[in-house]
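As structure tokens, one chain now follows by itself in the form predicted alone.
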């Protein structure tokens, strides 16, 4: 028999399970102990596969402890990509690129392995120097002097926690500047050193730092005064005066899951402004290196970038908002110090032309099903399809509790056709009723639906680093929540659909 024609075609990515958001470019960071290893597993044949089983067999770093789980599918259509994920503990993970082995088996075929790398970093915070440091095999990036636009209302606490246990998340912080110092390991000769993980730009590592810091605050808020599984703590002490952000604070009735997801989305959207300002085609480190070739015989021992930017538009997910950016690069070698500076305008390139959401108008309880279909249209008019998005919806019950449902375009379950650009999810009311009863709520009344989508890095393994680095995943290209700089405006959490349960 032939091997099962199922494959993990691109790099697996990290999902943080408290907020349910994908980390920048899918990078795993061991400051967040609990993460999910997610991937799109693709039927590469021209025929449907039946009785398919998928599981994670092993991982190359013994410090990463995976919770075993086997997925079974009665049928996976030809060409479809199903999203699967495994819970894992990264507390003792080593920064690097460990291999992960996945196994698939279907009727009429022998088991087949897919082996892919994941990227693991290590972020820590030094309270004395107020510096975040992110370590990877190629070196260490120190991030300090972060200036931000702070929230107007001073944070919120997800979940209905007793007064003494409330530890509000103080975000979202929208960054407006920072200093990044790269310490290559080892020092290198020539114009360019190794890219982080031989793939993303240095700015992506800085973005990991900001989002890890945001998620740490959200987890702390959700956990009250109890313990929570993170390896760092710290805040941004420098702020950009005169401007404030306004972002929704879910009511306690929204439940910890729904509230922390909204907070996580808001944190990612806010932090992503850093990556937007520093460009996708080549970031300041690469461009600074290009402009400052060292003399023969010199080794580069450190590189510093100080960047600041001003928003010309509000940083809205999926929209081409603009920033005016100034950055200065400094190369320190064994023989001299070199400088280069740039002033320019940059725009967000992770955009959609339109997001359409369809829901039923009414559903009969208690045996009906709530469902939602969402399409995310690119600026060229073509839809995101299949494994190009990580998407989910929040169904908000009439009294506020939120339940998260994944949205997929795989032709499995609620989805009617694989790769047609319609991401679909459903929530059986019997399941919803069991969840809501524990909260003292019921299913009857008007439900609201909120839809979200993050783009996925689909660059094929083996792509040259300087080409691969130009594609970054993990940006929200569609979101029911946005950030505004005008606190007089209505809260920018807008339902894209409503369903009446009768």
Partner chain sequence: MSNEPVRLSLSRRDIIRMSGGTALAAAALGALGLPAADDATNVPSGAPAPQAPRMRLAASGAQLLIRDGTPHWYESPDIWAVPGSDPNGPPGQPVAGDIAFVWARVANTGRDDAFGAQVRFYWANPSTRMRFSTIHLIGTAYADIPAGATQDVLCLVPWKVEFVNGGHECLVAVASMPDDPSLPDLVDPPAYPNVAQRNLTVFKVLKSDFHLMVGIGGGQQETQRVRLTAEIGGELPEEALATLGVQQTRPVTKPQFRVGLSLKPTEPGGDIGEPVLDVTVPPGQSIPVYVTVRTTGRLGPDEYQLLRLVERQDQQVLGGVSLVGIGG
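Numbering follows the first chain given and starts at 1. Computed from a predicted structure; not experimentally measured.
As for the form predicted in complex with its partner chain, it is not shown, yet the points below apply to it.
- Query: Are all three residues 362, 366 and 431 in contact with its partner chain in the predicted complex, where contact means a non-hydrogen atom within 4.5 Å?
  - Reply: So, no: the whole triplet misses its partner chain.
- Query: Going by a heavy atom distance of 4.5 Å, is residue 57 a contact of its partner chain in the predicted complex?
  - Reply: Contact with its partner chain, yes.
- Any chance residue 70 has a heavy atom within 4.5 Å of its partner chain in the predicted complex? Output for residue 70 is yes: heavy atoms within 4.5 Å of its partner chain.
- Message: Does any part of residue 183 reach within 4.5 Å of its partner chain in the predicted complex? Heavy atoms only, please.
- Response: Result no; residue 183 lies far from its partner chain in the predicted complex.
- Query: With the cut-off set at 4.5 Å between non-hydrogen atoms, does residue 440 touch its partner chain in the predicted complex?
  - Reply: So residue 440 does not count as contacting its partner chain.
- Among 193 to 201, 392 to 400, 107 to 115, 376 to 384, the region lying within 4.5 Å of its partner chain in the predicted complex by heavy atom distance: Only one stretch qualifies here: 107 to 115.
- Which of 349, 299, 103, 417 has a heavy atom within 4.5 Å of its partner chain in the predicted complex? For this set of options, the contacting one is 103.
- Pick from 342, 78, 99, 282: which residue has any heavy atom within 4.5 angstroms of its partner chain in the predicted complex? When its partner chain is considered in the predicted complex, the option within 4.5 Å is 99.
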